[in-house]
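One chain comes next, on its own, written as structure tokens: the form predicted on its own.
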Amino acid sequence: MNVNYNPASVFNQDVDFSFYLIFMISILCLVGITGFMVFSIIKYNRKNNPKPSNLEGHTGLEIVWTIIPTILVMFIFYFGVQGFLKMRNVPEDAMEIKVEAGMWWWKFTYPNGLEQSTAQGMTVPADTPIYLPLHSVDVVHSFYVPAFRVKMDVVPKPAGVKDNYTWFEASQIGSFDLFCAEYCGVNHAQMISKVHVLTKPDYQAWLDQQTADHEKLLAKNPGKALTISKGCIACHSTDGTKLIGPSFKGLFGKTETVVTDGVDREITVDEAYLKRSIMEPAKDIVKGYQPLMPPLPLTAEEVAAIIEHIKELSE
């Protein structure tokens, strides 16, 4: 074993041991089967057996090759169950960060209510259990951090039904890739973010700073703050770039062709259209885009602020 092995989370050693165990068993089976094949080729070739003969069954051998694989499978199953139970038993003192997923974005809500999305990633303190309730607003996604050996499906569930969950405890400082490991549509490969691990003092300083910056921006430009915290900019750019949805830049006052109940019609983007698109996103779909935006739990004041920000980007 590598004495310099420095696991990124508390799950690494258990998961890696299971994989190494399966790998070694597979190697032994490969060597054994290959060796038996070579032995059989030599012993029973035409030169050594010029006159073919039938081989009768051997009850002892049949029992052996039934019992040994069963023991190996149960052995592997035992370590797999131990690792799975560890991943499902969340420590009582774990910090909760809610994770929401949609096509094709992530949103993270911290204990103080701060919301961040795909671009910012998730930030956590090291050596602290992190409990992650997982919720999807559309299809099945999968929360996967390879370095932490953590992967769990993010499933859409009706209100009142408990969401799926996972947890981890990071033991290395740094930034680690976060993927969706369940194919969820044409832009599945773009559903990439980061988990940033800081020391506990640095995390608290980061959280305080991010919260203060958000509140400052919320006071100065609430619409812009909301498009960041609610994850709008994951699908709608502010510089004209075409993403999953239309860009906010130059949108207000623009003439668009939308599809309403399967019928194309031309509209001018105004406040009424924007409000309807936010509250009922499947009502009028801009032609050329997919109906992927979920309804957002926004107040009337928040909707008005977002519309004002979109108008600013069109001036």
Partner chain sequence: MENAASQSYLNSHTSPKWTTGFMSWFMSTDHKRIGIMYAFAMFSFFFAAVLLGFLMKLQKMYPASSGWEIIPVEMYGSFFTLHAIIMIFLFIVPGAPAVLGNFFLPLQIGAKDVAFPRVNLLSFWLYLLGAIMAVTGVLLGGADTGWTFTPPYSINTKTISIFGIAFDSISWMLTAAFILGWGTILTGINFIVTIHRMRTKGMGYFKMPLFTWSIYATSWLQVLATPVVGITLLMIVIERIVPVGFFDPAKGGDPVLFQHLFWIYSHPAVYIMILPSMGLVSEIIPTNSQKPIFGYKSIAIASCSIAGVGYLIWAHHMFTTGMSDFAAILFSFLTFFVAIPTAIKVFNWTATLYKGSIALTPAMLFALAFIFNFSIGGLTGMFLGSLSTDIHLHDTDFIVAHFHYTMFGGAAFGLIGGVFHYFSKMSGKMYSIKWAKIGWGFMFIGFNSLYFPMLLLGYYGMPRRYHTYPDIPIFNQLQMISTVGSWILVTGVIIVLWVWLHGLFRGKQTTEQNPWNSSTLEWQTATPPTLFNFEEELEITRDPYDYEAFRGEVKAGTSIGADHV
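Fair warning: this is a prediction, and the values are worked out from it, not measured in the lab. Residue numbers count along the first chain shown, from 1. The term rigid core refers to the maximal set of C-alpha atoms that superpose within 1.5 Å between the two forms.
Not on display, but discussed next: the form predicted in complex with its partner chain.
- The candidate spot formed by Met95, Ile228 and Glu256 is out of contact with its partner chain in the predicted complex: none of the three has a heavy atom within 4.5 Å.
- Partner contact region in the predicted complex: 26 to 34, out of 26 to 34, 242 to 250, 270 to 278, 257 to 265, criterion any non-hydrogen atom within 4.5 Å of its partner chain.
- Residue Val73 is the only one of Ala212, Ala205, Val73, Ala219 with a heavy atom lying within 4.5 Å of its partner chain in the predicted complex.
- This chain is drawn without its partner chain; in the predicted complex, the residue among Ser237, Asn187, Ser171, Thr109 with a heavy atom within 4.5 Å of it is Asn187.
- With a 4.5 Å cutoff on heavy atoms, His58 counts as touching its partner chain in the predicted complex.
- Using a 4.5 Å cutoff between non-hydrogen atoms, Asp177 counts as a contact of its partner chain in the predicted complex.
- Contact between Arg149 and its partner chain in the predicted complex is found at the 4.5 Å heavy atom cutoff.
- Of the heavy atoms in Trp167, none are within 4.5 Å of its partner chain in the predicted complex.
- Core-superposed comparison between the shown form and the other one: the Cα of Met74 travels 2 Å or more.
- Core-aligned CA deviation for Leu298 between the shown form and the other one: less than 2 Å.
- Relative to the superposed rigid core, the position of the CA of Gly253 differs between the shown form and the other one by less than 2 Å.
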